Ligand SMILES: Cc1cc2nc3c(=O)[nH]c(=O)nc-3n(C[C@H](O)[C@H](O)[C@H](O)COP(=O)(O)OP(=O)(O)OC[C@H]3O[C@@H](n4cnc5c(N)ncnc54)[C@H](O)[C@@H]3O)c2cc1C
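Here's a solo chain for you in C-alpha cells, the form predicted on its own.
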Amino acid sequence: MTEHVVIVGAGTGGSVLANDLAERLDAEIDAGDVRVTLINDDPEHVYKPVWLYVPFGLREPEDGRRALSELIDDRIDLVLDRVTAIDTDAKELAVRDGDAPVEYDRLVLATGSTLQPAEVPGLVDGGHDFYSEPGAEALREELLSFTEGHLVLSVIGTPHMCPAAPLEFVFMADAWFRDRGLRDDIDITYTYPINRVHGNPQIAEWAQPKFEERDINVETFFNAESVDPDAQTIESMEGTELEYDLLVSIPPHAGVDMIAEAGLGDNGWVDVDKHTLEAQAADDVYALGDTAATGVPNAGSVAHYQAGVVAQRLASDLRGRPATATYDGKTLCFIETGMDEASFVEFSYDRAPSPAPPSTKLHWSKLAYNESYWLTARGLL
C-alpha cells in the first residue's frame, strides 16, 4: 500500500518540506511505497521579505517570485488547486477544481497568514503597507513623492509576519530620508499595541534607544480602532488620535477559515504540540510556519527549521520507527537598522535573544541570506 503524504501550501515551510521529503524518502518514493503531493493555489512561490526593500527602490517584486515547477523536486506531485475543506475523520481534502476529494494518510498544513485590513474601518482606503506585492509597489510611489509631513507606521495586528519588519521599515525610512536631505521636514511616529516597542521584551529593550537617537516618535499601547482617510487621522481604542500625511500599517493577520471549520484551532492557526508540531485535535496532522500556533515569531526561519523537524518525524513514522525529532523554538533574524547596517538575533524557547551590535557586515550578510534563500527553498541549505 502506498502511503500518501499531502502538504497544503507552498510557502517557505511547505516548499522546504516537500524538497526535504523528496530527498529523504527517495527510496520509498522510487519503490512506490510513499507518494508526496504538494497542493498550492498559485503557480509561483513568493519570498515575501523582498517586499521590505521595494518601497525604497532597492528590489523589484519579481525578485521574490519563482515558478513552483522549477523550485519543487520532480519526485513531488505538484497540484495547482485550492483546498477548501479538511475532513480529518475521513482523512480527505475538498478542492475547488478537482473532481474528487484528495485522500491522505499524513497531512501537513502550511497555509500561512492572510491580511485582514478591512477589520479596521477606513484602513483599506487610508493606509499603505509593504506586506503584499501591490501594497509595496503602491507605497513605493507614495514614498518617492513624500518630501515633507508626518509618516506614521502603525503595527495594528499581532501576531504578524516577520515581527522585525516594522522596526526595519522605520529605521530604513529614517536613514533614507536623511540621505536625501529630507529628514528635517519629515516627522516619523511608530505605534505598537502593547506597552513597549516590540513583542519580545529583549528586542524592545534593544530598539527603544535607537528610536530616541533617531528622533523617531513612539506611541505604545496604541491599538488602532479606525482610520479617517479624509481627515488623515488614525484613532486608537485607548483614545489617542494621530494626524498623518502618510500612514503605513501592519494590517491585522489571520489564518485560513477552513482550519477553524475543521476544528483544528482558532483564527486559522492550528493548535499543535510546540515541540512535535502535531495537531492536538486530529491524528496524523502536522502544521508548521505561521499556521502552527507555537508562540514563536511568524518568520521564514521558523518555517524552515520546523520543516526539517516534520520531515524527520514523517520519515520515521513511515518507516515504522519512533519519531524523535523535536522543534526547540529556534528562530534567527537579521534586522536592518538603516540603509547600510543591520543587527542579528538567534533564540529559542529556552534562550532569549541578544541582538548583535549593528554593522555593515551584518547588513551584507542579510542581503546574502536573501540571495541564498532560493537554495534554502530547494532544500540545499
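For clarity, every value in this text was computed on a predicted model and none was experimentally measured. In this text, residue numbers run from 1 along the sequence as written.
Form predicted together with the named molecule: not shown, discussed below.
Query - Contact residue in the model of the complex, from 52, 345, 315, 34 (heavy atom within 4.5 Å of the named molecule) - result: It is 52.
Requested in this report: Assess the spot marked by 22, 102 and 286: is the named molecule within 4.5 Å of a heavy atom from every one of these residues in the model of the complex?
Outcome: None of them does, since no heavy atom lies within 4.5 Å of the partner.
Requested in this report: Answer for residue 29 alone: is it within 4.5 Å of the named molecule in the model of the complex, judged on heavy atom distances?
Outcome: So residue 29 does not count as contacting the named molecule.
Requested in this report: Evaluate residue 66 for contact with the named molecule in the model of the complex, applying a 4.5 angstroms cut-off between non-hydrogen atoms, and reply yes or no.
Outcome: No - in the model of the complex, heavy atoms of residue 66 and the named molecule never come within 4.5 Å of each other.
Query raised in the report: Applying a 4.5 Å heavy atom distance criterion, does residue 224 contact the named molecule in the model of the complex?
Result: Flag for residue 224 set to no.
Query raised in the report: For residue 131, is any heavy atom within 4.5 Å of the named molecule in the model of the complex, or not?
Result: Result yes; residue 131 sits at the interface with the named molecule in the model of the complex.
Query raised in the report: Counting only heavy atoms and a 4.5 Å cutoff, which of 255-263, 192-200, 215-223, 173-181 contacts the named molecule in the model of the complex?
Result: One stretch meets the cut-off, namely 255-263.
Query - Sequence-ordered list of residues in 86-112 near the named molecule in the model of the complex, where near means a heavy atom within 4.5 Å - result: Heavy-atom contacts to the named molecule in the model of the complex: 110, 111, 112.
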